[in-house]
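Okay, so here's just one chain, in structure tokens, the form predicted on its own.
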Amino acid sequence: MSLDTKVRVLTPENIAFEYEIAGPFQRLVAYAIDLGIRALSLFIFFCLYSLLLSAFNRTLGSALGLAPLFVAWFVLEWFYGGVFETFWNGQTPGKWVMGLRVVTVQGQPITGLQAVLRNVLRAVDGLPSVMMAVPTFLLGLVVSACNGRFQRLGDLATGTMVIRETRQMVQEVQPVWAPGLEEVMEHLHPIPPLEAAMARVIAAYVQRREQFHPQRRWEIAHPLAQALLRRWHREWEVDPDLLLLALYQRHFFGTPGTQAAETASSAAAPSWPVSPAGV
């Protein structure tokens, strides 16, 4: 069993998602990777800057001195994490390598303000500092150890937490079958094909539908089915669960197939690499 705790988030639709919280030492490895990338970037910038000065204008280099290097260090130090987490949906290269992601305590994607603020406050979490202003992160470690979500001061201030993503490999897409599925599929001809992103969402629903009571399936599938019908400008009294099954079956197989009914009781739903924060 992992030593990291798990937290359960309840959505307004009364659906619970479980997240595995990343521990301080897992985050330390991701931070070390990001630190190495920043150091390498600064070294490359120094080499290019030296080459440009030696090739074009040494007088300009004498006037500027090391000022461009300090500017580059300042940008990397204060904006590296915030920019990446804003545009990479809560991930930096180090977090991506370690399979970590920053989300809100409600399990939602973070905003740009949250990303920037939590990275700026890392300077406080790095206290106390030793010689040459090297952070020890003792304050951040103590604070994160005192709460169940392992939140440092930056996370507490912005309402965020760092989770571990469970990445599942795509194994095999299985056909589905349910009573009335063929009849619903006969009415799908005028409906345009699904986009790749929507197909993944519907596949994620098919993967989990057996875990829910039929009434709960209806409550989950109904909003998505109604949104699709409005997009297609159609009024159709149809079981939303059957509609999503029919769209899934048509997208991946074209027709229900002769083997679908024979394997309905044993066929497993497909596994897709979709994280709970992204569904």
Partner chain sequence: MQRESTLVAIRERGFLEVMDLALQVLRHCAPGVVAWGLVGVVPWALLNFFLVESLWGEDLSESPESWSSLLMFQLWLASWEMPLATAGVTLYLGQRMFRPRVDHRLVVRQWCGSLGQLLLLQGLGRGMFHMFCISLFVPYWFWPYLNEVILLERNRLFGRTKESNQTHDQAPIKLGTLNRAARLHSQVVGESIFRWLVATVVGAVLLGSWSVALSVLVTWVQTKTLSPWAWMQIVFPTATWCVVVFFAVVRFLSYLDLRIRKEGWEIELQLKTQAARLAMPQV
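This structure is a prediction, so every number in the text was calculated from the model and none was measured. Positions refer to the first chain, counted from 1. Rigid core: the largest C-alpha set superposing within 1.5 Å between the two forms.
Omitted here: the form predicted together with its partner chain. The next part is about that form.
Q: Does its partner chain get within 4.5 angstroms of any non-hydrogen atom of Ala227 in the model of the complex?
A: Residue-level check for Ala227: yes, a contact with its partner chain.
Q: Since only the chain is shown here, I'm wondering whether Glu186 would be in contact with its partner chain in the model of the complex (any heavy atom pair within 4.5 Å).
A: Glu186 lies outside the contact set for its partner chain.
Q: Test of understanding: in the model of the complex, would Phe84 fall inside 4.5 Å of its partner chain by heavy atoms?
A: Although its partner chain is absent here, Phe84 would stay clear of it in the model of the complex, with no heavy atoms inside 4.5 Å.
Q: Taking any heavy atom pair closer than or equal to 4.5 Å as contact, tell me whether Ala246 reaches its partner chain in the model of the complex.
A: Taking the distances in the model of the complex, the answer for Ala246 is no, it never comes within 4.5 Å of its partner chain.
Q: What residues, if any, in 179-201 have a non-hydrogen atom within 4.5 angstroms of its partner chain in the model of the complex?
A: Residues within 4.5 Å: Glu195, Ala197, Met198, Val201.
Q: Taking the rigid core as reference, does the Cα of Phe43 move 2 Å or more between the shown form and the other one?
A: After core superposition, the displacement of the Phe43 C-alpha between the shown form and the other one stays below 2 Å, so no.
Q: Taking the rigid core as reference, does Asp34 move its C-alpha 2 Å or further between the shown form and the other one?
A: After core superposition, the C-alpha of Asp34 moves less than 2 Å between the shown form and the other one.
Q: After a core superposition, would you say Leu76 shifts its C-alpha by at least 2 Å between the shown form and the other one?
A: Comparing the forms between the shown form and the other one, which are aligned on their rigid core, Leu76 does not shift its C-alpha by 2 Å or more.
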